[in-house]
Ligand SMILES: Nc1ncnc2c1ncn2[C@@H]1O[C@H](COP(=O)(O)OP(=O)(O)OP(=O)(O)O)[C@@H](O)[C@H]1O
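Below, in structure tokens: the form predicted alone, a single chain.
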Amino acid sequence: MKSIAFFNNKGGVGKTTFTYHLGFALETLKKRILFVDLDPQCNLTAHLCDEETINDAWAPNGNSIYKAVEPIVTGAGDMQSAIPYKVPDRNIWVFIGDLLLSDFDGELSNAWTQILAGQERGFRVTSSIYRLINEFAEQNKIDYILIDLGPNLGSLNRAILLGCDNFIIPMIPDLFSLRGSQNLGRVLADWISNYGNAKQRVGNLTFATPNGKPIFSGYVLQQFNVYRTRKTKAYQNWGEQIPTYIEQYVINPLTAVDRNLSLNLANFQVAEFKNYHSLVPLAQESLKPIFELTNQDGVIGTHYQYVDNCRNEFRDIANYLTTIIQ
């Protein structure tokens, strides 16, 4: 079992679309997949569930991921059980996201202060979602946990990144995506170092806590324009700068803390996938990945070639990721 968080400090980089398609591609390789939607926009949930399912999960007795931590927010107690939604006829589950998770952010901020002071409650609160996810994954023999995070460096993302095995940075080749990468490694290295020191001071705990050492596992380049099979010059210019930024601003700060906090990858890129434009809304409406769309979902003419291209792309990406993240 491996947990992989998809995270960038900048939004609009195709993070959710990539995570969703990767999960379905891995499932076609006979892997059991658990999605965890922790982006406040809940786009991954909307990809996987119809409105009735989401509404039921958000009801007072529902099973959204917020319901699991609600007792902590209200002061009623520790985390409670929540059951993820199972996609019909697939070995795919999802912990349904919830806009109310923002209420949990304040608790996690206080918990971080308690962690730095060596107090047990801080570790208990911070590890709550980690414990929820891993308990279900172990009981149901999940192979890959894919976690969709919002574009910020807040308390929720800190708790999740410290609890995942690996993280991947989706990027697009533009100035803003490069700029958004400049504080990632520094902030993560600070979190990892402070958490590790605090965990050593607190001693043995009676509940599971993460080791706090997420491994950088490459970046994904996406949403580029293509003209006659070549990337447009502007995107190509920014794209060529990404490996330098990744090495300087992500890998160097992390490996200064622990040399094992990054996979050894050529150019640090693990995948590249195209923007399929008009097929994305069709996939969202059909609750299917692009590579499973048919004429009944609105696919016509040249769309069939794009569907085939998407299938081939994600098959190759999924096969490659299973070799580097085991």
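Residue positions are given as counts along the sequence shown, with the first one as 1. Everything numeric in this text was worked out from a predicted model, so none of it was measured.
Below, we refer to the form predicted in complex with the named molecule, which is not included among the displayed structures.
Although the partner is absent from this view, R32 stays clear of the named molecule in the predicted complex, with no non-hydrogen atom inside 4.5 angstroms. Taking the partner from the other structure, the named molecule in the predicted complex has a heavy atom within 4.5 Å of a heavy atom of H277. Within this chain, W58 is remote from the site of the named molecule in the predicted complex, having no heavy atom within 4.5 Å.
At the 4.5 Å threshold, heavy atoms of T53 stay clear of the named molecule in the predicted complex, well away from it. Across the options 261 to 269, 22 to 30, 41 to 49, 295 to 303, residues that bring heavy atoms within 4.5 Å of the named molecule in the predicted complex belong to 41 to 49. By the 4.5 Å heavy atom rule, the three marked residues G11, T17 and F273 all count as contacting the named molecule in the predicted complex. Residues of 139 to 167 that come within 4.5 Å of the named molecule in the predicted complex, judged by any heavy atom, reduce to P151 alone.
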